[in-house]
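In the structure tokens that follow, the same protein chain appears in two forms, which are kept apart as structure 1 and structure 2.
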Structure 1
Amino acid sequence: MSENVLQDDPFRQIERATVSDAIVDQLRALIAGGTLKPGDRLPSERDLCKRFGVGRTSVREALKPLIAMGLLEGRVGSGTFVAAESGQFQKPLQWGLLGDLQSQDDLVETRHMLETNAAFWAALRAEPENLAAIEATLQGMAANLTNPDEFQEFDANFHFEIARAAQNKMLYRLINVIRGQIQTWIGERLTLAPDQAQSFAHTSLAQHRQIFAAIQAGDSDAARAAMDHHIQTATADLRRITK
């Protein structure tokens, strides 16, 4: 007897995997099998393109979800690395949190709790190399004010470098878990209102510079306040756009 099929079947046949999906699967297998170990640096984008026999876009699209899942991490000026904690701790935490981060309000509250404190501790604990990495993301933002995709990458990396500068592995892991949501958040703010994108970018850069100045000065309270102001401003902008 054949099974009954719903008229409005919510399930759809799986389409053939994209090139980037195939790269994701291969990299995940290399990490799971131990060929790529925690802390290992991946080949450059150009080298990966040659090894996989694909274009740069496919490689970039493959790296994004792996970074969002916490399996890889990008380091400004250094490249992409297998996350130091990409195994048993990361996966259950990742899926537990991502399942609850469906609403905009949840993400705002989570970002606020984590990132304001990251800025606070970064001001007290940042090493010279941390400050240099954060400053490099600001330079990247400034050079890409009219290029939303590149600006978004440097913007997101600014926040992750601050998390790294806080010298708290647990805090960094938690922020890395919601990396994908943070990047989506930044991207939506720049792309949903293209006529305002450049204005948003200039405002965002100015606010990021204020955050960095406070961290560089070792003023933890000012760093936390500057990060709070930035998140609240970005929240107000996005809510106004998406009404």
Structure 2
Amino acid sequence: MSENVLQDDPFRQIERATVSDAIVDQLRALIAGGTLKPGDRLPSERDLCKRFGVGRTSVREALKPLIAMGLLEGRVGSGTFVAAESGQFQKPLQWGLLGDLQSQDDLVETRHMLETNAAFWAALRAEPENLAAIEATLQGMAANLTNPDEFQEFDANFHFEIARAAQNKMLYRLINVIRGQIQTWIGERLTLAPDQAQSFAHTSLAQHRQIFAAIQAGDSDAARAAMDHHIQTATADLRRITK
């Protein structure tokens, strides 16, 4: 066996501890840097092997964690794709934060805390485009009072846009993650009482408008209070359904 690999390779860059970690770093940087955008397809595993000059095992072991964290998405027969930004890190955050929660109470309470603060800061920091985005979701809700699914979509986006307007990326991401759980919970409840969905929608829209007004006015305390009231009543209403 002549395994002498004296290549034309005078001095190589220092290698990471493990090959796959080095690949992870590289891919992560490509995604974070925007070279690989959501929806993009990566070269096939066999291609990546050649490009990186490593075995397929290493490539796959690098992709696995990225897939597990929701940065990538593997589809057999089709390829590996960069996941939508909203889904990134969703899974590990869910594992870490929601993995083994005994009750919904922690979740609801934490959400309340995050969102009231988001409203507070949004009132102080919202840029014109943030306000426009929030208002757009209000219009969307108004136009879909009778379509529960659509309405919920705009509802969620309303809270999203407020989180974004708070100009705190970390807060935004936390709300983003928790929202997923909350959304599921809301959906379940509404399915149980479809007849109430419309009345909920009316109440909800009115409260959303109050929140928006406070944010637009730059009144942070009012915004916090309005969001507090909204979440309190909405939570109470939804909880009542099961009983």
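Structure 1 provides the reference sequence; residues are numbered from 1 along it. Just so we're clear, the structure is a prediction, and the values are computed from it rather than from any experiment. The term rigid core refers to the most C-alpha atoms you can superpose between the two forms while keeping them within 1.5 Å.
Legend: structure 2 corresponds to the form predicted in complex with the DNA, while structure 1 does not. In a rigid-core overlay of the protein, P43 has its C-alpha displaced by at least 2 Å between the two structures. Relative to the superposed core, G55 undergoes a C-alpha shift of no less than 2 Å between the two structures. After superposition on the rigid core, the Cα atom of M227 is displaced by less than 2 Å between the two structures. The rigid core superposition between the two structures gives a CA shift for V24 of 20.1 Å.
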